[in-house]
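In the form predicted on its own, a lone chain appears below as C-alpha coordinates.
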(Lines give C-alpha, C1' and ligand atoms only; values in the text may rest on other atoms or scores of the structure.)
Protein backbone atom coordinates (compact mmCIF):
# COMPACT_ATOMS: atom_id res chain seq x y z
CA UNK A 1 0.00 0.00 0.00
CA UNK A 2 2.82 2.41 0.87
CA UNK A 3 4.50 1.58 -2.43
CA UNK A 4 1.26 2.24 -4.30
CA UNK A 5 0.80 5.61 -2.60
CA UNK A 6 4.39 6.56 -3.35
CA UNK A 7 3.98 5.61 -7.01
CA UNK A 8 0.71 7.51 -7.20
CA UNK A 9 2.24 10.61 -5.64
CA UNK A 10 5.19 10.35 -8.01
CA UNK A 11 2.87 10.08 -10.98
CA UNK A 12 0.89 13.13 -9.88
CA UNK A 13 4.07 15.09 -9.36
CA UNK A 14 5.36 14.27 -12.84
CA UNK A 15 2.03 14.77 -14.60
CA UNK A 16 1.80 18.04 -16.54
CA UNK A 17 -0.27 20.73 -14.84
CA UNK A 18 -2.90 22.12 -17.20
CA UNK A 19 -3.52 25.83 -17.20
CA UNK A 20 -7.07 26.90 -17.84
CA UNK A 21 -7.01 29.39 -20.69
CA UNK A 22 -8.84 32.69 -20.30
CA UNK A 23 -9.56 35.27 -22.98
CA UNK A 24 -9.49 39.03 -22.58
CA UNK A 25 -10.36 41.75 -25.07
CA UNK A 26 -8.72 45.06 -24.16
CA UNK A 27 -8.94 47.88 -26.74
CA UNK A 28 -6.27 50.58 -26.28
CA UNK A 29 -7.78 54.02 -27.03
CA UNK A 30 -5.18 56.72 -26.39
CA UNK A 31 -3.97 60.05 -27.85
CA UNK A 32 -0.78 59.42 -29.83
CA UNK A 33 -1.05 62.54 -32.01
CA UNK A 34 -1.74 66.14 -31.04
CA UNK A 35 -0.55 68.13 -28.05
CA UNK A 36 -0.78 65.11 -25.75
CA UNK A 37 1.24 62.79 -27.99
CA UNK A 38 4.17 62.41 -25.57
CA UNK A 39 1.94 61.43 -22.67
CA UNK A 40 -0.36 59.31 -24.83
CA UNK A 41 2.51 57.35 -26.37
CA UNK A 42 3.75 56.50 -22.89
CA UNK A 43 0.26 55.40 -21.90
CA UNK A 44 0.04 53.13 -24.95
CA UNK A 45 3.46 51.62 -24.35
CA UNK A 46 2.67 50.83 -20.72
CA UNK A 47 -0.53 49.06 -21.75
CA UNK A 48 1.20 47.04 -24.47
CA UNK A 49 3.98 45.97 -22.13
CA UNK A 50 1.44 44.69 -19.62
CA UNK A 51 -0.35 42.76 -22.36
CA UNK A 52 2.97 41.23 -23.38
CA UNK A 53 3.48 40.16 -19.73
CA UNK A 54 -0.02 38.72 -19.30
CA UNK A 55 -0.25 35.90 -16.71
CA UNK A 56 0.12 32.34 -17.98
CA UNK A 57 -3.03 31.13 -19.69
CA UNK A 58 -4.48 34.58 -20.36
CA UNK A 59 -4.87 35.29 -24.08
CA UNK A 60 -5.34 38.96 -24.91
CA UNK A 61 -6.75 40.49 -28.06
CA UNK A 62 -6.40 44.23 -28.55
CA UNK A 63 -6.36 47.05 -31.08
CA UNK A 64 -4.71 50.44 -30.66
CA UNK A 65 -6.74 53.47 -31.76
CA UNK A 66 -5.40 57.03 -31.83
CA UNK A 67 -7.96 59.29 -30.15
CA UNK A 68 -6.15 62.51 -31.07
CA UNK A 69 -7.42 65.31 -28.83
CA UNK A 70 -11.09 65.68 -29.87
CA UNK A 71 -13.71 64.25 -27.46
CA UNK A 72 -15.86 62.94 -30.32
CA UNK A 73 -12.89 60.98 -31.70
CA UNK A 74 -12.49 59.16 -28.40
CA UNK A 75 -16.23 58.46 -28.14
CA UNK A 76 -16.33 57.08 -31.68
CA UNK A 77 -13.34 54.86 -30.97
CA UNK A 78 -14.99 53.50 -27.82
CA UNK A 79 -18.29 52.83 -29.56
CA UNK A 80 -16.50 51.02 -32.40
CA UNK A 81 -14.56 48.87 -29.95
CA UNK A 82 -17.70 47.89 -28.07
CA UNK A 83 -19.59 47.12 -31.30
CA UNK A 84 -17.00 44.50 -32.31
CA UNK A 85 -17.94 42.14 -29.49
CA UNK A 86 -17.60 41.61 -25.74
CA UNK A 87 -14.93 43.85 -24.20
CA UNK A 88 -13.19 42.92 -20.94
CA UNK A 89 -11.86 46.41 -20.16
CA UNK A 90 -10.71 49.47 -22.09
CA UNK A 91 -7.44 51.38 -21.81
CA UNK A 92 -9.00 54.83 -22.00
CA UNK A 93 -7.51 58.19 -22.99
CA UNK A 94 -5.63 60.17 -20.39
CA UNK A 95 -7.01 63.44 -21.79
CA UNK A 96 -9.62 64.74 -19.37
CA UNK A 97 -12.08 66.10 -21.93
CA UNK A 98 -12.05 62.78 -23.75
CA UNK A 99 -12.52 60.80 -20.55
CA UNK A 100 -15.50 62.94 -19.56
CA UNK A 101 -17.06 62.27 -22.98
CA UNK A 102 -16.39 58.51 -22.78
CA UNK A 103 -17.86 58.02 -19.31
CA UNK A 104 -21.56 57.88 -20.32
CA UNK A 105 -20.79 55.34 -23.07
CA UNK A 106 -18.90 53.15 -20.61
CA UNK A 107 -21.73 53.34 -18.08
CA UNK A 108 -24.39 52.56 -20.65
CA UNK A 109 -22.47 49.50 -21.85
CA UNK A 110 -21.11 48.53 -18.40
CA UNK A 111 -17.49 48.47 -19.58
CA UNK A 112 -14.63 49.42 -17.19
CA UNK A 113 -12.29 52.21 -18.32
CA UNK A 114 -8.71 51.95 -17.07
CA UNK A 115 -6.87 55.27 -17.36
CA UNK A 116 -4.05 57.45 -16.07
CA UNK A 117 -5.90 60.74 -16.54
CA UNK A 118 -5.25 63.25 -13.77
CA UNK A 119 -8.41 65.33 -14.25
CA UNK A 120 -10.15 65.19 -10.88
CA UNK A 121 -13.75 65.31 -12.08
CA UNK A 122 -13.68 61.98 -13.93
CA UNK A 123 -14.05 60.17 -10.61
CA UNK A 124 -16.54 62.65 -9.17
CA UNK A 125 -19.53 61.73 -11.36
CA UNK A 126 -20.77 58.60 -9.60
CA UNK A 127 -19.70 56.44 -12.52
CA UNK A 128 -18.75 52.95 -11.32
CA UNK A 129 -16.88 52.09 -14.53
CA UNK A 130 -13.89 54.42 -14.31
CA UNK A 131 -10.61 53.37 -12.65
CA UNK A 132 -7.73 55.83 -12.42
CA UNK A 133 -4.25 54.35 -11.90
CA UNK A 134 -2.45 57.68 -11.71
CA UNK A 135 -2.91 59.82 -8.61
CA UNK A 136 -5.57 62.40 -9.38
CA UNK A 137 -5.19 66.09 -8.78
CA UNK A 138 -6.55 65.77 -5.24
CA UNK A 139 -3.44 63.70 -4.46
CA UNK A 140 -0.63 65.09 -6.62
CA UNK A 141 -1.56 68.74 -6.13
CA UNK A 142 -1.44 68.18 -2.36
CA UNK A 143 2.12 66.87 -2.81
CA UNK A 144 2.86 69.74 -5.22
CA UNK A 145 1.95 72.37 -2.63
CA UNK A 146 3.38 70.51 0.36
CA UNK A 147 6.78 70.37 -1.29
CA UNK A 148 6.67 74.10 -2.09
CA UNK A 149 5.57 74.98 1.43
CA UNK A 150 7.52 72.50 3.55
CA UNK A 151 10.74 71.98 1.60
CA UNK A 152 11.10 75.29 -0.29
CA UNK A 153 9.49 77.41 2.47
CA UNK A 154 7.49 79.25 -0.19
CA UNK A 155 4.86 81.76 0.88
CA UNK A 156 4.13 83.63 -2.38
CA UNK A 157 3.42 81.66 -5.54
CA UNK A 158 2.86 82.47 -9.19
CA UNK A 159 0.69 79.92 -11.02
CA UNK A 160 0.58 79.22 -14.76
CA UNK A 161 -1.87 76.58 -15.92
CA UNK A 162 -3.44 75.28 -19.14
CA UNK A 163 -6.90 76.31 -20.32
CA UNK A 164 -7.89 72.63 -20.80
CA UNK A 165 -10.01 70.58 -18.38
CA UNK A 166 -6.75 69.18 -17.03
CA UNK A 167 -5.47 72.69 -16.40
CA UNK A 168 -8.67 73.85 -14.71
CA UNK A 169 -8.72 70.80 -12.45
CA UNK A 170 -5.12 71.34 -11.38
CA UNK A 171 -5.71 75.04 -10.74
CA UNK A 172 -8.59 74.31 -8.41
CA UNK A 173 -6.64 71.83 -6.30
CA UNK A 174 -3.49 73.95 -6.26
CA UNK A 175 -5.48 76.93 -5.00
CA UNK A 176 -7.23 74.89 -2.30
CA UNK A 177 -4.03 73.31 -1.06
CA UNK A 178 -2.11 76.59 -1.21
CA UNK A 179 -4.70 78.23 1.01
CA UNK A 180 -4.42 75.41 3.57
CA UNK A 181 -0.62 75.62 3.53
CA UNK A 182 -0.51 79.39 3.98
CA UNK A 183 0.79 80.11 0.47
CA UNK A 184 -0.64 83.18 -1.24
CA UNK A 185 -1.22 82.94 -4.99
CA UNK A 186 0.06 86.40 -5.98
CA UNK A 187 -0.31 85.83 -9.73
CA UNK A 188 -2.13 83.32 -11.91
CA UNK A 189 -2.82 83.03 -15.61
CA UNK A 190 -4.06 80.33 -17.98
CA UNK A 191 -2.54 79.78 -21.41
CA UNK A 192 -3.73 77.98 -24.53
CA UNK A 193 -1.79 74.94 -25.71
CA UNK A 194 -1.01 76.79 -28.97
CA UNK A 195 0.88 79.63 -27.23
CA UNK A 196 4.61 79.56 -28.05
CA UNK A 197 5.91 82.83 -26.63
CA UNK A 198 5.90 82.55 -22.86
CA UNK A 199 7.82 85.76 -22.15
CA UNK A 200 4.71 87.93 -21.54
CA UNK A 201 3.22 85.62 -18.92
CA UNK A 202 6.62 85.03 -17.30
CA UNK A 203 7.24 88.78 -17.17
CA UNK A 204 3.95 89.34 -15.38
CA UNK A 205 4.64 86.46 -13.02
CA UNK A 206 8.05 87.88 -12.09
CA UNK A 207 6.58 91.35 -11.50
CA UNK A 208 4.31 89.89 -8.81
CA UNK A 209 7.45 89.05 -6.78
CA UNK A 210 6.72 85.38 -5.98
CA UNK A 211 9.17 83.03 -4.30
CA UNK A 212 8.09 79.96 -6.33
CA UNK A 213 6.60 79.33 -9.77
CA UNK A 214 3.94 76.62 -9.97
CA UNK A 215 3.18 75.04 -13.35
CA UNK A 216 0.28 72.81 -14.34
CA UNK A 217 0.71 72.41 -18.10
CA UNK A 218 0.90 69.76 -20.79
CA UNK A 219 4.36 68.67 -21.93
CA UNK A 220 5.03 71.10 -24.84
CA UNK A 221 3.92 74.14 -22.83
CA UNK A 222 5.92 72.96 -19.81
CA UNK A 223 9.12 72.73 -21.85
CA UNK A 224 8.57 76.16 -23.41
CA UNK A 225 7.98 77.87 -20.06
CA UNK A 226 11.05 76.29 -18.49
CA UNK A 227 13.31 77.08 -21.46
CA UNK A 228 12.18 80.70 -21.59
CA UNK A 229 12.38 81.08 -17.81
CA UNK A 230 16.01 79.96 -17.99
CA UNK A 231 16.71 82.31 -20.93
CA UNK A 232 15.37 85.33 -19.05
CA UNK A 233 17.20 84.28 -15.86
CA UNK A 234 13.98 84.16 -13.85
CA UNK A 235 15.86 82.85 -10.79
CA UNK A 236 12.83 81.21 -9.20
CA UNK A 237 12.41 77.60 -8.10
CA UNK A 238 9.87 75.86 -10.32
CA UNK A 239 7.56 73.09 -9.17
CA UNK A 240 5.82 71.65 -12.20
CA UNK A 241 3.03 69.25 -12.94
CA UNK A 242 3.68 65.66 -13.95
CA UNK A 243 4.46 66.48 -17.61
CA UNK A 244 7.93 67.63 -16.55
CA UNK A 245 8.96 64.26 -15.09
CA UNK A 246 8.68 62.65 -18.53
CA UNK A 247 12.02 61.84 -20.19
CA UNK A 248 10.71 63.10 -23.59
CA UNK A 249 9.91 66.46 -21.96
CA UNK A 250 13.34 66.65 -20.33
CA UNK A 251 14.89 65.75 -23.70
CA UNK A 252 13.51 69.02 -25.12
CA UNK A 253 15.67 70.97 -22.66
CA UNK A 254 19.35 71.29 -21.86
CA UNK A 255 20.34 69.96 -18.42
CA UNK A 256 21.38 73.47 -17.33
CA UNK A 257 17.88 74.76 -18.15
CA UNK A 258 16.47 72.21 -15.71
CA UNK A 259 18.43 73.47 -12.70
CA UNK A 260 16.06 74.22 -9.83
CA UNK A 261 13.10 72.50 -11.51
CA UNK A 262 11.02 69.91 -9.65
CA UNK A 263 7.85 68.04 -10.63
CA UNK A 264 5.13 65.94 -9.07
CA UNK A 265 4.29 62.48 -10.38
CA UNK A 266 3.34 58.97 -9.30
CA UNK A 267 6.78 57.43 -9.93
CA UNK A 268 10.00 57.99 -11.87
CA UNK A 269 11.17 54.70 -13.38
CA UNK A 270 14.35 56.26 -14.83
CA UNK A 271 15.44 57.35 -11.36
CA UNK A 272 15.90 53.74 -10.25
CA UNK A 273 14.67 52.18 -7.04
CA UNK A 274 13.20 48.76 -6.42
CA UNK A 275 14.16 45.56 -8.28
CA UNK A 276 10.64 45.50 -9.79
CA UNK A 277 11.05 49.06 -11.11
CA UNK A 278 14.49 48.25 -12.49
CA UNK A 279 13.11 45.22 -14.35
CA UNK A 280 10.29 47.33 -15.76
CA UNK A 281 12.83 49.95 -16.89
CA UNK A 282 15.02 47.36 -18.60
CA UNK A 283 12.15 45.69 -20.44
CA UNK A 284 10.58 49.00 -21.48
CA UNK A 285 13.87 50.20 -22.96
CA UNK A 286 14.28 46.92 -24.82
CA UNK A 287 10.73 46.89 -26.21
CA UNK A 288 10.35 50.55 -27.19
CA UNK A 289 13.91 51.94 -27.41
CA UNK A 290 12.73 54.78 -25.19
CA UNK A 291 12.70 55.87 -21.55
CA UNK A 292 9.56 55.16 -19.49
CA UNK A 293 7.74 57.63 -17.29
CA UNK A 294 5.12 57.49 -14.57
CA UNK A 295 2.26 57.47 -17.08
CA UNK A 296 3.63 54.31 -18.71
CA UNK A 297 4.15 52.68 -15.33
CA UNK A 298 0.70 53.61 -14.03
CA UNK A 299 -0.98 52.24 -17.14
CA UNK A 300 1.16 49.10 -16.94
CA UNK A 301 0.07 48.52 -13.35
CA UNK A 302 -3.58 49.16 -14.24
CA UNK A 303 -3.66 46.67 -17.10
CA UNK A 304 -1.77 44.11 -15.00
CA UNK A 305 -4.47 44.38 -12.33
CA UNK A 306 -7.10 43.68 -15.00
CA UNK A 307 -5.15 40.70 -16.38
CA UNK A 308 -4.55 39.20 -12.95
CA UNK A 309 -8.28 39.45 -12.27
CA UNK A 310 -8.91 37.60 -15.54
CA UNK A 311 -6.36 34.95 -14.56
CA UNK A 312 -8.24 34.45 -11.29
CA UNK A 313 -11.55 33.89 -13.04
CA UNK A 314 -12.98 37.31 -13.95
CA UNK A 315 -14.38 36.21 -17.30
CA UNK A 316 -16.25 39.33 -18.40
CA UNK A 317 -16.49 43.08 -17.95
CA UNK A 318 -18.82 42.80 -14.95
CA UNK A 319 -16.44 40.49 -13.09
CA UNK A 320 -13.44 42.70 -13.89
CA UNK A 321 -15.35 45.77 -12.69
CA UNK A 322 -16.09 43.98 -9.43
CA UNK A 323 -12.45 42.94 -9.02
CA UNK A 324 -11.19 46.49 -9.61
CA UNK A 325 -13.80 47.95 -7.28
CA UNK A 326 -13.15 45.67 -4.32
CA UNK A 327 -9.66 44.21 -4.70
CA UNK A 328 -6.12 45.49 -4.31
CA UNK A 329 -3.04 45.09 -6.47
CA UNK A 330 0.62 45.37 -5.55
CA UNK A 331 1.96 47.09 -8.63
CA UNK A 332 5.43 48.27 -9.53
CA UNK A 333 4.77 51.91 -8.54
CA UNK A 334 2.57 51.32 -5.48
CA UNK A 335 -0.30 49.24 -4.10
CA UNK A 336 -3.62 50.14 -5.71
CA UNK A 337 -7.13 49.97 -4.32
CA UNK A 338 -10.29 51.89 -5.05
CA UNK A 339 -11.52 54.61 -2.72
CA UNK A 340 -15.07 53.79 -3.81
CA UNK A 341 -14.98 56.31 -6.66
CA UNK A 342 -12.40 54.63 -8.88
CA UNK A 343 -9.33 56.47 -7.61
CA UNK A 344 -6.82 53.63 -7.35
CA UNK A 345 -3.53 55.49 -6.67
CA UNK A 346 -2.96 57.31 -3.39
CA UNK A 347 0.76 58.15 -3.33
CA UNK A 348 2.94 60.71 -5.12
CA UNK A 349 6.58 61.68 -5.43
CA UNK A 350 8.45 64.89 -6.13
CA UNK A 351 11.41 64.62 -8.49
CA UNK A 352 14.06 67.32 -8.94
CA UNK A 353 16.76 68.08 -11.51
CA UNK A 354 20.28 69.16 -10.55
CA UNK A 355 21.21 71.00 -13.75
CA UNK A 356 23.83 68.39 -14.68
CA UNK A 357 21.68 65.61 -16.12
CA UNK A 358 18.21 65.02 -17.53
CA UNK A 359 17.58 62.18 -15.05
CA UNK A 360 15.87 63.51 -11.91
CA UNK A 361 16.29 62.28 -8.36
CA UNK A 362 13.36 61.44 -6.13
CA UNK A 363 13.37 64.27 -3.62
CA UNK A 364 10.29 63.41 -1.55
CA UNK A 365 7.64 60.71 -1.37
CA UNK A 366 4.13 61.23 -0.03
CA UNK A 367 2.18 58.06 0.78
CA UNK A 368 -1.56 57.71 1.36
CA UNK A 369 -2.18 61.45 0.98
CA UNK A 370 -5.93 60.90 1.11
CA UNK A 371 -7.23 58.24 3.46
CA UNK A 372 -8.95 55.36 1.75
CA UNK A 373 -11.95 54.55 3.89
CA UNK A 374 -13.36 51.49 2.18
Partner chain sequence: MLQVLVNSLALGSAYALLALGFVLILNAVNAVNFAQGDLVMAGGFVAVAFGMLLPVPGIVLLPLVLVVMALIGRALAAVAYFPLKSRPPVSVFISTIAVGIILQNLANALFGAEPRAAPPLFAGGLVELGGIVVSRQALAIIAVAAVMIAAQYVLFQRTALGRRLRATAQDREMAEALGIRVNHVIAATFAIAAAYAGAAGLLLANTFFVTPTDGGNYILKAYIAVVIGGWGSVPGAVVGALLIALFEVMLPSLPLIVPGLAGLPGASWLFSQTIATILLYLMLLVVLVVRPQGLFGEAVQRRA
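Numbering follows the first chain given and starts at 1. Since the structure is predicted, the reported quantities are computational estimates derived from the model, not experimental observations.
Although it is not shown, the form predicted together with the partner chain is what the next lines describe.
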Picking from 271, 109, 228, 73, the single residue whose non-hydrogen atoms come within 4.5 angstroms of the partner chain in the predicted complex is 228
If we test each of 283, 172, 121, 190 for a heavy atom within 4.5 Å of the partner chain in the predicted complex, the one that passes is 190
Query raised in the report: Mind checking whether each of 237, 292 and 347 has a heavy atom within 4.5 Å of the partner chain in the predicted complex?
Result: no
TL;DR on 149-157, 272-280, 182-190, 81-89: the one with heavy atoms within 4.5 Å of the partner chain in the predicted complex is 182-190
Answer with yes or no whether residue 224 is in contact with the partner chain in the predicted complex, where contact means some heavy atom within 4.5 Å.
yes
- Residue contact check: residue 33 to the partner chain in the predicted complex, 4.5 Å heavy atom: yes
### Query
Does any heavy atom of residue 343 come within 4.5 Å of a heavy atom of the partner chain in the predicted complex?
no
Mark residue 65 yes when one of its heavy atoms lies within 4.5 Å of a heavy atom of the partner chain in the predicted complex, and no otherwise. no
